[in-house]
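Only one chain is shown below, in structure tokens, and it's the form predicted on its own.
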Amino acid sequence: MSADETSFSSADPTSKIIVAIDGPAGAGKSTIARHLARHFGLLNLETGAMYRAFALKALRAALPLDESRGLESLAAETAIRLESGEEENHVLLDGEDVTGLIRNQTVTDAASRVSVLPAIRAWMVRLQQQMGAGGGVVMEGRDIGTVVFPQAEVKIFLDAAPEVRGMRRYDQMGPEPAQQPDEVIRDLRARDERDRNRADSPLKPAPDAVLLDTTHLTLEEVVAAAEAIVAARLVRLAN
């Protein structure tokens, strides 16, 4: 841990803090969560990776992605675990490290489809609550502050204009992207529509979340703003 990072002893009540980061696709949740976890000495629990891991299993099983009964049976025989790594979490699906297999667009799209099913969300929420029950975590997703951990001490809702989020996602695709920018933005808008309008746990800010619009901010500015939000809450908890 570098000199500018902060850690808390197990005797310090702030070591049990839960930081919930919600927001739409492409808002920068994973990047900010990783930084906050390193900076404050917390565990990073990436819920999006959990949904993608399950989606990968569903794709491998050739199950219809909108058929709840079959997916619910598959979930009953699925184990997902996150292990901390230096740069990112290692995602274990039934003991297999699938970290490098769940970042492609096919799996991401499949995750978006299975995540709208109430039975799958309920199962995943239970897993996430078990992982974060002890506190000392940064958890990012779409319903962390509203459903998974409504009691979280810090809630941040990251957002940005769809065009900005789409171009960020496009830039992450590397030198030979499979889609054009307008296609990426279109897919992202469709994802937003599903997330915001699903019947179960729709994407929305928690009433007590701090809204952080990153449309016109650099990564460094977003990081600094997120750090300040968490640090201010830690000071209040310590007093």
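Just so you know, these numbers come straight off a predicted model, no measurement behind them. A residue's number is simply how far along the shown sequence it sits, counting from 1.
Note that the form predicted in complex with a small molecule isn't included here; everything after this is about it.
- When you look in the model of the complex, the only residue of A111, V137, A160, L93 with a non-hydrogen atom within 4.5 Å of the small molecule is A111.
- Of the candidate stretches 43-51, 210-218, 57-65, 173-181, only 43-51 has residues with heavy atoms within 4.5 Å of the small molecule in the model of the complex.
- In the model of the complex, R103 approaches the small molecule with a heavy atom inside 4.5 Å.
- When the small molecule is considered in the model of the complex, K155 lies well away from it, no heavy atom lying within 4.5 Å.
- Using a 4.5 angstroms threshold between heavy atoms, R38 stays clear of the small molecule in the model of the complex.
- Taking the partner from the other structure, the small molecule in the model of the complex has a heavy atom within 4.5 Å of a heavy atom of R121.
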